[in-house]
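Take a look at this one chain, the form predicted alone, written out in C-alpha coordinates.
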Amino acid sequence: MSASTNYAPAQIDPSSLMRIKNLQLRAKTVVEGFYNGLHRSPFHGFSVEFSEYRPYTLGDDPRTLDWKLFARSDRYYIKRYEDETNRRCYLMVDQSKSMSFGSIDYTKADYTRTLAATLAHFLTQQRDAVGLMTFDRKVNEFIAARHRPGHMNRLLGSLDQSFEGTGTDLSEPLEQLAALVSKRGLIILISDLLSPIDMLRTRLAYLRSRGHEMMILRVNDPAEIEFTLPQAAMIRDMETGKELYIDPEVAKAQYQANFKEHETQLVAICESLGIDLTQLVTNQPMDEALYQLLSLQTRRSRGPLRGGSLSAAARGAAT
(Lines give C-alpha, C1' and ligand atoms only; values in the text may rest on other atoms or scores of the structure.)
Protein backbone atom coordinates (compact mmCIF):
# COMPACT_ATOMS: atom_id res chain seq x y z
CA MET A 1 0.00 0.00 0.00
CA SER A 2 1.48 3.35 -0.97
CA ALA A 3 1.23 6.48 1.10
CA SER A 4 -0.48 8.33 -1.71
CA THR A 5 -3.51 6.02 -1.69
CA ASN A 6 -3.84 5.43 2.04
CA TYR A 7 -3.00 8.74 3.66
CA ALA A 8 -4.00 12.35 2.98
CA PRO A 9 -0.86 14.23 4.04
CA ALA A 10 -1.02 17.57 5.82
CA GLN A 11 1.93 18.81 3.71
CA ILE A 12 3.51 20.98 6.39
CA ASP A 13 6.32 22.78 4.56
CA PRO A 14 9.62 22.05 6.37
CA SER A 15 10.93 25.57 5.68
CA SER A 16 7.95 27.06 7.49
CA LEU A 17 8.25 24.46 10.25
CA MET A 18 11.90 25.29 10.87
CA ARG A 19 11.00 28.93 11.51
CA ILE A 20 9.39 27.74 14.75
CA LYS A 21 12.23 28.13 17.24
CA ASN A 22 10.84 25.82 19.93
CA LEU A 23 11.64 22.16 19.19
CA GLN A 24 8.69 20.80 21.16
CA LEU A 25 6.28 23.08 19.31
CA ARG A 26 7.70 21.94 15.97
CA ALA A 27 7.15 18.31 16.97
CA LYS A 28 3.57 18.97 18.08
CA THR A 29 2.83 20.79 14.83
CA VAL A 30 3.88 17.80 12.73
CA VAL A 31 1.97 15.29 14.86
CA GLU A 32 -1.22 17.37 14.86
CA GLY A 33 -0.98 17.79 11.09
CA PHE A 34 -0.50 14.04 10.77
CA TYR A 35 -3.63 13.36 12.82
CA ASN A 36 -5.58 15.71 10.56
CA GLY A 37 -4.37 13.67 7.59
CA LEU A 38 -5.52 10.47 9.25
CA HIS A 39 -9.05 11.84 9.52
CA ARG A 40 -9.10 12.19 5.72
CA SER A 41 -7.76 8.69 5.09
CA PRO A 42 -8.83 5.05 5.54
CA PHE A 43 -7.22 5.30 8.99
CA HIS A 44 -10.05 7.70 9.97
CA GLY A 45 -11.18 7.12 13.55
CA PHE A 46 -7.85 5.57 14.53
CA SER A 47 -6.03 8.72 15.61
CA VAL A 48 -8.12 9.71 18.63
CA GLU A 49 -8.04 6.23 20.16
CA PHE A 50 -4.62 5.40 18.73
CA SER A 51 -3.01 4.71 22.09
CA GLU A 52 -5.81 2.41 23.25
CA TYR A 53 -6.98 0.41 20.24
CA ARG A 54 -5.61 -1.72 17.43
CA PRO A 55 -7.25 -3.10 14.28
CA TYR A 56 -9.19 -6.35 14.66
CA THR A 57 -7.41 -9.28 13.01
CA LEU A 58 -8.43 -12.87 12.28
CA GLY A 59 -8.12 -14.91 15.46
CA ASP A 60 -8.99 -12.09 17.88
CA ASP A 61 -11.92 -12.65 20.20
CA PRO A 62 -14.97 -10.95 18.57
CA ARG A 63 -16.27 -10.13 22.05
CA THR A 64 -13.45 -7.58 22.38
CA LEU A 65 -14.70 -5.51 19.42
CA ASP A 66 -15.60 -1.90 20.21
CA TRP A 67 -18.91 -1.34 18.41
CA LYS A 68 -19.10 2.35 19.31
CA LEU A 69 -15.77 2.94 17.58
CA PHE A 70 -17.01 0.85 14.63
CA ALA A 71 -20.06 3.12 14.34
CA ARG A 72 -17.80 6.19 14.11
CA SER A 73 -15.09 4.77 11.85
CA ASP A 74 -16.76 1.91 9.94
CA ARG A 75 -13.75 -0.21 10.88
CA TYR A 76 -13.21 -2.94 13.46
CA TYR A 77 -10.97 -2.21 16.45
CA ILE A 78 -10.31 -3.92 19.75
CA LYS A 79 -8.83 -2.68 23.00
CA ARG A 80 -5.09 -3.16 23.19
CA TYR A 81 -3.83 -5.05 26.20
CA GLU A 82 -1.43 -3.39 28.60
CA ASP A 83 1.60 -5.29 27.31
CA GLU A 84 0.85 -4.03 23.80
CA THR A 85 0.77 -0.36 24.80
CA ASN A 86 3.99 -0.26 26.85
CA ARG A 87 6.49 -0.97 24.11
CA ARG A 88 10.08 0.22 24.42
CA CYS A 89 11.25 2.39 21.52
CA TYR A 90 14.77 3.69 20.97
CA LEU A 91 15.66 6.54 18.63
CA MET A 92 19.23 6.36 17.28
CA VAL A 93 20.16 9.83 16.00
CA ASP A 94 23.23 10.45 13.84
CA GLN A 95 25.19 13.52 14.95
CA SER A 96 28.20 13.06 12.71
CA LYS A 97 29.73 16.05 10.92
CA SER A 98 28.05 15.18 7.61
CA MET A 99 24.69 15.92 9.25
CA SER A 100 25.73 19.59 9.42
CA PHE A 101 25.41 19.88 5.65
CA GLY A 102 22.53 21.86 4.16
CA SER A 103 22.02 23.32 0.71
CA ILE A 104 18.76 24.98 1.79
CA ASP A 105 17.80 27.19 4.74
CA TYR A 106 18.54 24.49 7.31
CA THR A 107 20.79 21.44 7.71
CA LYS A 108 20.20 17.72 7.88
CA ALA A 109 20.90 18.01 11.61
CA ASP A 110 18.05 20.54 12.03
CA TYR A 111 15.69 18.27 10.10
CA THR A 112 16.81 15.15 11.97
CA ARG A 113 16.46 16.58 15.47
CA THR A 114 12.97 17.81 14.58
CA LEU A 115 12.10 14.40 13.15
CA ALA A 116 13.36 12.61 16.27
CA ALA A 117 11.43 14.99 18.54
CA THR A 118 8.31 14.40 16.43
CA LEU A 119 8.63 10.62 16.73
CA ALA A 120 9.28 10.89 20.48
CA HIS A 121 6.15 13.03 20.91
CA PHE A 122 4.08 10.66 18.78
CA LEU A 123 5.26 7.52 20.60
CA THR A 124 4.86 9.12 24.03
CA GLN A 125 1.24 9.90 23.20
CA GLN A 126 0.77 6.17 22.64
CA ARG A 127 2.12 5.47 26.14
CA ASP A 128 5.23 3.84 24.65
CA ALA A 129 8.49 4.15 26.58
CA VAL A 130 10.95 6.17 24.50
CA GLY A 131 14.73 6.17 24.75
CA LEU A 132 17.47 7.98 22.84
CA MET A 133 20.99 7.34 21.64
CA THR A 134 22.96 10.07 19.86
CA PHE A 135 26.19 9.15 18.09
CA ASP A 136 28.90 9.96 15.57
CA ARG A 137 31.95 7.66 15.64
CA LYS A 138 30.98 6.79 19.19
CA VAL A 139 27.97 7.09 21.45
CA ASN A 140 27.53 10.67 22.63
CA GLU A 141 24.55 10.18 24.94
CA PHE A 142 22.26 7.34 25.94
CA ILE A 143 18.91 7.83 27.66
CA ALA A 144 17.06 4.69 28.72
CA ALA A 145 13.48 4.23 27.55
CA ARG A 146 10.95 5.61 30.01
CA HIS A 147 7.36 6.78 30.06
CA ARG A 148 6.92 9.13 32.98
CA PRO A 149 6.45 12.85 33.67
CA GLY A 150 9.43 14.95 32.66
CA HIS A 151 11.04 12.31 30.47
CA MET A 152 9.99 13.97 27.23
CA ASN A 153 11.68 17.19 28.36
CA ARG A 154 14.90 15.27 28.93
CA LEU A 155 14.74 13.82 25.41
CA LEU A 156 14.09 17.25 23.92
CA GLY A 157 16.93 18.77 25.93
CA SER A 158 19.36 16.22 24.53
CA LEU A 159 18.15 16.66 20.94
CA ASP A 160 18.27 20.46 21.21
CA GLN A 161 21.95 20.53 22.18
CA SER A 162 24.42 21.77 19.59
CA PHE A 163 27.13 19.33 18.57
CA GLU A 164 30.35 19.39 16.60
CA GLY A 165 30.32 15.79 15.40
CA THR A 166 33.08 13.71 13.85
CA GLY A 167 32.96 11.02 11.18
CA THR A 168 30.25 8.40 10.93
CA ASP A 169 30.76 4.91 12.32
CA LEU A 170 27.57 2.90 12.82
CA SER A 171 29.42 -0.17 14.07
CA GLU A 172 30.16 0.88 17.66
CA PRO A 173 26.80 2.60 18.37
CA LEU A 174 24.81 -0.39 17.07
CA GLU A 175 26.99 -2.76 19.09
CA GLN A 176 26.59 -0.70 22.25
CA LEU A 177 22.83 -0.42 21.81
CA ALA A 178 22.58 -4.21 21.54
CA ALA A 179 24.52 -4.50 24.80
CA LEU A 180 22.49 -1.84 26.62
CA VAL A 181 18.98 -2.85 25.52
CA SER A 182 18.21 -6.38 26.67
CA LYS A 183 14.41 -6.31 26.36
CA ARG A 184 12.80 -6.45 22.94
CA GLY A 185 11.58 -3.22 21.42
CA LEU A 186 11.49 -0.99 18.37
CA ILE A 187 14.73 0.67 17.23
CA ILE A 188 14.50 3.61 14.82
CA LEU A 189 17.80 4.60 13.21
CA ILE A 190 17.89 8.15 11.79
CA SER A 191 20.98 8.84 9.68
CA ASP A 192 22.17 9.92 6.24
CA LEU A 193 24.00 6.56 6.06
CA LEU A 194 26.75 8.19 4.01
CA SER A 195 29.31 5.66 5.14
CA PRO A 196 30.50 2.20 4.09
CA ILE A 197 27.81 -0.36 4.82
CA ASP A 198 29.97 -3.51 4.75
CA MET A 199 29.53 -4.09 8.46
CA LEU A 200 25.94 -2.82 8.58
CA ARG A 201 24.37 -6.20 7.76
CA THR A 202 26.18 -7.93 10.64
CA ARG A 203 25.25 -5.33 13.25
CA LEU A 204 21.63 -5.06 12.11
CA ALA A 205 21.28 -8.84 11.89
CA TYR A 206 22.47 -9.16 15.49
CA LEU A 207 19.85 -6.68 16.70
CA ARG A 208 17.14 -8.49 14.73
CA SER A 209 18.29 -11.83 16.14
CA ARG A 210 17.64 -10.44 19.63
CA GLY A 211 14.01 -9.86 18.70
CA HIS A 212 14.11 -6.12 18.07
CA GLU A 213 11.96 -4.57 15.37
CA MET A 214 13.87 -2.03 13.30
CA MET A 215 13.05 0.95 11.15
CA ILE A 216 15.61 3.05 9.28
CA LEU A 217 14.90 6.66 8.29
CA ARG A 218 17.55 7.78 5.84
CA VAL A 219 17.79 11.57 5.70
CA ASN A 220 19.51 13.31 2.79
CA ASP A 221 19.76 16.85 1.49
CA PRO A 222 18.36 17.46 -2.03
CA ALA A 223 21.85 18.34 -3.29
CA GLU A 224 23.18 14.95 -2.17
CA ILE A 225 20.64 13.20 -4.36
CA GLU A 226 20.59 15.56 -7.34
CA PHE A 227 24.30 16.55 -7.21
CA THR A 228 23.53 20.21 -7.78
CA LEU A 229 27.06 21.61 -8.04
CA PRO A 230 26.80 24.64 -10.37
CA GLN A 231 30.44 24.72 -11.49
CA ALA A 232 33.82 23.10 -10.96
CA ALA A 233 35.22 23.81 -7.51
CA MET A 234 37.35 22.53 -4.63
CA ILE A 235 35.10 20.52 -2.30
CA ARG A 236 36.00 19.64 1.28
CA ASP A 237 34.82 16.39 2.84
CA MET A 238 33.02 17.48 6.02
CA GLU A 239 34.11 14.41 7.98
CA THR A 240 37.72 13.90 6.84
CA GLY A 241 38.67 17.45 5.87
CA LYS A 242 40.12 16.16 2.61
CA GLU A 243 39.79 18.54 -0.36
CA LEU A 244 38.96 17.37 -3.87
CA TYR A 245 38.60 19.18 -7.17
CA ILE A 246 35.19 18.30 -8.61
CA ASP A 247 33.99 19.06 -12.14
CA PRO A 248 30.20 18.38 -12.10
CA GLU A 249 30.06 17.65 -15.82
CA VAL A 250 32.54 14.83 -15.36
CA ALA A 251 31.62 13.59 -11.87
CA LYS A 252 27.81 13.79 -11.79
CA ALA A 253 27.03 10.55 -13.64
CA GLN A 254 29.53 8.52 -11.61
CA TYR A 255 28.36 10.09 -8.34
CA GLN A 256 24.72 9.26 -9.03
CA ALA A 257 25.65 5.72 -10.08
CA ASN A 258 27.59 5.24 -6.82
CA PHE A 259 24.73 6.74 -4.79
CA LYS A 260 22.24 4.40 -6.48
CA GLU A 261 24.45 1.37 -5.89
CA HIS A 262 24.82 2.29 -2.21
CA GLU A 263 21.05 2.59 -1.95
CA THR A 264 20.52 -0.75 -3.73
CA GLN A 265 22.84 -2.49 -1.27
CA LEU A 266 21.06 -0.86 1.67
CA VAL A 267 17.64 -1.93 0.37
CA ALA A 268 18.90 -5.49 -0.09
CA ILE A 269 20.17 -5.61 3.50
CA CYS A 270 16.89 -4.29 4.87
CA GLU A 271 14.79 -6.66 2.78
CA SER A 272 16.82 -9.67 3.89
CA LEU A 273 16.48 -8.73 7.56
CA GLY A 274 12.86 -7.56 7.59
CA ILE A 275 13.72 -3.92 8.32
CA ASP A 276 11.57 -1.04 7.08
CA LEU A 277 13.57 1.60 5.17
CA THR A 278 12.23 5.06 4.40
CA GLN A 279 14.11 7.72 2.43
CA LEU A 280 13.45 11.29 3.58
CA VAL A 281 14.69 14.38 1.78
CA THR A 282 15.02 17.52 3.88
CA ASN A 283 12.80 19.63 1.62
CA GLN A 284 9.90 17.16 1.99
CA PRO A 285 7.30 16.99 4.81
CA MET A 286 8.11 14.80 7.81
CA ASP A 287 4.72 13.16 8.18
CA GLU A 288 5.83 10.39 5.79
CA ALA A 289 7.90 9.00 8.67
CA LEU A 290 4.86 8.94 10.94
CA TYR A 291 2.82 7.24 8.26
CA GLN A 292 5.49 4.56 7.82
CA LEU A 293 5.60 4.06 11.59
CA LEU A 294 1.82 3.69 11.70
CA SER A 295 1.96 1.20 8.82
CA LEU A 296 4.63 -0.78 10.67
CA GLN A 297 2.49 -0.90 13.80
CA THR A 298 -0.57 -1.96 11.84
CA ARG A 299 1.33 -4.80 10.17
CA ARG A 300 2.82 -5.75 13.55
CA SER A 301 -0.67 -6.22 14.98
CA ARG A 302 -1.44 -8.70 12.20
CA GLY A 303 1.49 -11.01 12.81
CA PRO A 304 5.25 -11.40 12.31
CA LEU A 305 6.87 -8.81 10.07
CA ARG A 306 8.32 -9.93 6.78
CA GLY A 307 10.93 -8.38 4.53
CA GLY A 308 11.54 -4.64 4.67
CA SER A 309 11.20 -2.40 1.64
CA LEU A 310 11.95 1.03 0.30
CA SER A 311 8.96 3.29 0.95
CA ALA A 312 7.04 5.24 -1.65
CA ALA A 313 8.89 8.39 -0.63
CA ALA A 314 12.22 6.67 -1.15
CA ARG A 315 11.27 5.41 -4.58
CA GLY A 316 10.15 8.91 -5.54
CA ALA A 317 13.37 10.47 -4.28
CA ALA A 318 15.50 7.96 -6.14
CA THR A 319 13.91 8.54 -9.55
Partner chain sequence: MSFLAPLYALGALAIALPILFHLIRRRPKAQAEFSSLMFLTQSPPRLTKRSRLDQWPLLLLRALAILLLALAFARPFLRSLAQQESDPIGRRVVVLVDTSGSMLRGDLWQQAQQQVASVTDDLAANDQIALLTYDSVVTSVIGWDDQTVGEASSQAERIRRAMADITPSHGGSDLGSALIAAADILHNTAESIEEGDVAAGEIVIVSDLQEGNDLIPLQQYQWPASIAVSIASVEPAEKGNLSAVVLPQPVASGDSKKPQLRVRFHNTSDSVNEQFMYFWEGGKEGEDRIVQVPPGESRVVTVDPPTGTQHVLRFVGDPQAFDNQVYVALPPKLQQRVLYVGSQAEDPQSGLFYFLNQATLGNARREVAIEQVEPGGLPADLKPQQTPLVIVADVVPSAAMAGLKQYLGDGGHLLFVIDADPKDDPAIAASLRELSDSPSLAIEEAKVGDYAMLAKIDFQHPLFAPFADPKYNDFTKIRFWSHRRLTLAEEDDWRTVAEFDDNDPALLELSIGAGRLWVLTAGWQPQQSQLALSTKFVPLISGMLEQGPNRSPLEASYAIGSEGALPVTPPCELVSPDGSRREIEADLPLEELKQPGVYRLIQSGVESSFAMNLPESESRTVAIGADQLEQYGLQMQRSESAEQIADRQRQLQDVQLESQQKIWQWMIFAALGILVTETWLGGYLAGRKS
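Because the structure is predicted, anything quoted here is derived from the model rather than measured. Numbering follows the first chain given and starts at 1.
Not on display, but discussed next: the form predicted in complex with the partner chain.
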### Message
Looking at 23-31, 284-292, 259-267, 62-70, which stretch has residues with any non-hydrogen atom within 4.5 Å of the partner chain in the model of the complex?
### Response
259-267
### Query
Looking at 158, 195, 124, 140, which is the one with a non-hydrogen atom within 4.5 Å of the partner chain in the model of the complex?
195
### Partner-contacting position among 244, 199, 205, 180 - heavy atom within 4.5 Å of the partner chain in the model of the complex
244
### Message
Just checking whether residue 104 would be counted as a contact of the partner chain in the model of the complex - the rule being heavy atoms within 4.5 angstroms.
### Response
no
### Task
Examine residue 57 and determine whether its closest non-hydrogen atom to the partner chain in the model of the complex is within 4.5 angstroms.
no
### Query
Is there any non-hydrogen atom of residue 223 lying within 4.5 Å of the partner chain in the model of the complex?
yes
### Task
Using a 4.5 Å heavy atom cut-off, state whether residue 229 contacts the partner chain in the model of the complex.
yes
#### Entry: Heavy atom within 4.5 Å of the partner chain in the model of the complex - qualifying residues of 249-278
249, 250, 251, 254, 255, 258, 259, 262
